[in-house]
Structures are given as C-alpha cells and as structure tokens.
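First, one chain by itself in structure tokens, the form predicted on its own.
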C-alpha cells in the first residue's frame, strides 16, 4: 500500500505539487523583496504572493468577447502543468529527481518552453490590441532566448557526456565548478533565464507602462493566477538547473537554498540595474551575440573532449 501511495505523495505534495507551488511563491517574494531593497523600498511582506494568489483564485473569471472559450480556459492549465512536469526531472532541494532517463534534459527544456508558447497563444486568442502586441513580443522574444538558453545548458551536458540531468548534476558535483570552466555559458544561461521569465530589463512583452499586461491583459481571476504560479514554478526550476550545472551541483537541501538564492540575488541586482530594453534591442543584440558566443563555447568543449591533450 505504501509503495502505491509513494508516487502520489511525490506528485501532489513533496517534492512536487504543493511544495513546489509554495516554494515558487517564496522565491517570488524573495525576488520582489530584493528588488525593493535595491531600490531603497521596503517591499512586500512575506505572505503577499500567497495573498495575491488567493485573491485572484477567489475572483470571477471573465471570458471576453472574441476569444475561443476552450483555449482561454485551458492555456493557463497547460502552462502550469508543463512547469510542474519539468520539475520532476530536476534535483529539487538537492534530492535525486524522482523521474530520470537519458535525454530528460531535452524534455525539460521543451516543457519550459510551453509556458512561453501558452502566453503567446493566450494573447493571440484575444482581439484586444494590447494582448496582440504582447503576444507578438512574447513569441519574438521566445525565438531570441530559447536557442541561447538551450545551448548554454548543452555545454555542461557535453562535458559530462550525458543528456540526463541527474548525471550532469553528479558530474558537476565531482569536478571543478563549470562557472569557472564555462563562464560564457553561465552568463548566457542566466540572461536567457531572465528572458524566458520576462524579467526586467527583458520585460517588453508585458510592459505595464506601454501595453498594460501584455498577452495577459484580458485575463483575470483563476486564469491569471495559474499563469502567475506557473512562472513562479519555472523560476524555481530554472534556478535549479543553472545551479546544478554551473555551481558545482546540488547534493543536499543546504546547497540548494544557498546556490539558488545566490543566483536570485544576482538576478534581482540585474533587474534593478538596467532599464527596460525595447523589443528590437532585445532581439537584435541577444539573438546574434548570445547564440554566437554559446556556439563558440560549445565548439571549444567539443574540441577539448576530442583532443584532451590540447587543453
């Protein structure tokens, strides 16, 4: 009986399910608090993300005219489900992933992209001009950041000789930190993660001073809450992957907390330091430079593995 219940406990409570939702809101609060302190503000109290989600879930969900009702309702569910599924293959809290197989890195990267695709479809499903502009920017930014982010995570995979996240995590824990051996990949991965999450200065798709809430302008209540929770979960999963690959692996809960919060500290500083980039600046600069430097580093890694005596 206990064996049959164990998968349900993993999926619904720990380390997935409720724990992941709670940790996502906690990391959102830390991010907002750090940005506020950088800007000489107090920031929200610790329960603010939870209060926001509860308020949104309690509100009426209004389906606007001119949208496909089925897509309008299902897209937030798909976005959250994909982020939660991606977490099953990552070493959350420094624990071994519950599900692990050769090639799960590629599956995880795909699942993390579903959130952005759902946001773009949600905006394109509306006739609201702000939603349409936000959807266009979201999909445009997806093509700009997805390739560099993927290439940056493939570097440690090639160095470890495996496409399994657990194997890469173990390799990283037994070797020199890859932030030292692959510094370009680390920078590309960190900036790519900020772009995927549409964090400042890469928040043109949801620029509230220009296009209200971007692709989610027409969303309210439960739909908006699910998209928000999904982004929080994706933040935790992204921080876990970058920490596991580039910061010496994640072998225990203490390492997980210290390394992921350290990355969040850097990301909050970058959010406060730079002003918002225009979408053409985001696409033109990062698509060319990010992809190019990531490819050059991959080439160096492949050559180094083929000719170990050269390095």
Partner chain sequence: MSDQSSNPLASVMDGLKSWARINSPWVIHYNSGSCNGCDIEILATLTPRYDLERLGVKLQGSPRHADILICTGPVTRQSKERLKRIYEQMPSPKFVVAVGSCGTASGAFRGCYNICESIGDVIPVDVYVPGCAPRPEAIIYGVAQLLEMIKSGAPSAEMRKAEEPAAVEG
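None of these values were measured; they are calculated from a predicted model. Numbering follows the first chain given and starts at 1.
Beyond the structure shown, there is the form predicted in complex with the partner chain, which is absent from this document and is the topic of what follows.
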Is it the case that residue 281, even though its partner is missing from this view, gets within 4.5 Å of the partner chain in the predicted bound form, heavy atoms only?
no
In the predicted bound form, is there a heavy atom of the partner chain that lies within 4.5 Å of any heavy atom of residue 121, even though the partner is absent here?
no
My question is simply whether residue 198 lines the interface with the partner chain in the predicted bound form - judged by any non-hydrogen atom within 4.5 Å.
no
Quick one: is residue 181 in contact with the partner chain in the predicted bound form, heavy atoms, 4.5 Å cut-off?
no
Which of 265 to 273, 46 to 54, 239 to 247, 252 to 260 sits within 4.5 Å of the partner chain in the predicted bound form, heavy atom basis
46 to 54
From 84, 109, 212, 154: within 4.5 Å of the partner chain in the predicted bound form by heavy atoms is 212
Given that the partner chain is left out here, which of 89, 219, 145, 227 has a heavy atom within 4.5 Å of it in the predicted bound form?
219
